[in-house]
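A single chain, nothing else alongside it, follows as structure tokens in the form predicted on its own.
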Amino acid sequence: MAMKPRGAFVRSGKVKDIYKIDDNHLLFYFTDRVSAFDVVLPSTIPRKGEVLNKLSAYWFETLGVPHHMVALEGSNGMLVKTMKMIPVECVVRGYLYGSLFERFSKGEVSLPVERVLAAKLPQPYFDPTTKSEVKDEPITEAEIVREGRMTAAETAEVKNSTFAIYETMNRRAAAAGFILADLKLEFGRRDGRVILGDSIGPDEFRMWPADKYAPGKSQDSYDKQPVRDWLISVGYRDKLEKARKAGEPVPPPPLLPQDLIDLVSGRYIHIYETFTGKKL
């Protein structure tokens, strides 16, 4: 059941609102907002916030790694410990897809693999980005250390943790008939150590049905990839990139068609129910 958030409002992110409970605790309120290409869209996806909240809780409770969650509050709220977030999005990719495929095609990334869309990589690839409200950009491990985002030891620790979490989640995905193509994680510092934070759901990964996987083409996705694909098909991403390169304001994004909203909502719910074994 959705409850009105408590505490003092701090700020709104792309998909969640944050409230201060006290000096040691925040409340994350996961909304039904959806973003793509770092732009919040005018349409919402029913029950998306509930899925992100409860699926994140499932992963925090079962991955066996230190995290910031304390408890769920209602369907959309999560009480978490305060921590200083590390300004790096830790992305691991198991397949040549999305922005990695585009950068590889342009020669910006060197990988021991042929240029085939959705090809499985020989081993998972650590592909961190900056964390920005405007547009996340790729960043190297050396740049992370040089810019003071993390120490060399922290970078190595977070990289290893990201790989380990990806492998655990990918094994569970395989058992459920899915492929975890990639995953984005965020970490923060609390009490002198680095711990897992933010959320872990279909906004943070690409999940493909294994029985439909075929390299060389776009994959069927149980996440928000269908939203990205539709925005590309109607020309919005091209318009957005041109505006950003020219330093112009972000063009207003279009409303999503109702059949796409229904599709994505249903797929978020399916992923939650598949992994947790619970009905939403």
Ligand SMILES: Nc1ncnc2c1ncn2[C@@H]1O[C@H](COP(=O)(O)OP(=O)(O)OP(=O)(O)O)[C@@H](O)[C@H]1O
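We number the residues from 1 along the sequence you see. From a predicted model like this one, the values you see are computed outputs, not experimental measurements.
Although not depicted, the form predicted together with the ligand is the subject of the following passage.
J.: Within 4.5 angstroms, counting heavy atoms, which one of the listed stretches 154-162, 118-126, 192-200, 175-183 is next to the ligand in the predicted bound form?
T.: In the other structure, the partner sits against 192-200.
J.: Can you work out which of Ser99, Thr168, Thr82, Ser75 has a heavy atom no more than 4.5 Å from the ligand in the predicted bound form?
T.: So the residue touching the ligand in the predicted bound form, by this definition, is Thr82.
J.: Using a 4.5 Å heavy atom cut-off, which residue among Leu26, Leu240, Leu41, Ala57 comes into contact with the ligand in the predicted bound form?
T.: Of the listed residues, the single hit is Leu26.
J.: Taking the ligand as it sits in the predicted bound form, is Lys20 in contact with it (heavy atom to heavy atom, 4.5 Å or less)?
T.: Residue-level check for Lys20: no, no contact with the ligand.
J.: Would Gly13 show up as a contact with the ligand in the predicted bound form if we use heavy atoms at 4.5 Å?
T.: Gly13 belongs to the contact set for the ligand.
J.: Heavy atoms within 4.5 Å of the ligand in the predicted bound form: does Lys131 have any?
T.: Output for Lys131 is yes: heavy atoms within 4.5 Å of the ligand.
J.: In the predicted bound form, is there a heavy atom of the ligand that lies within 4.5 Å of any heavy atom of His68, even though the partner is absent here?
T.: Result yes; His68 sits at the interface with the ligand in the predicted bound form.
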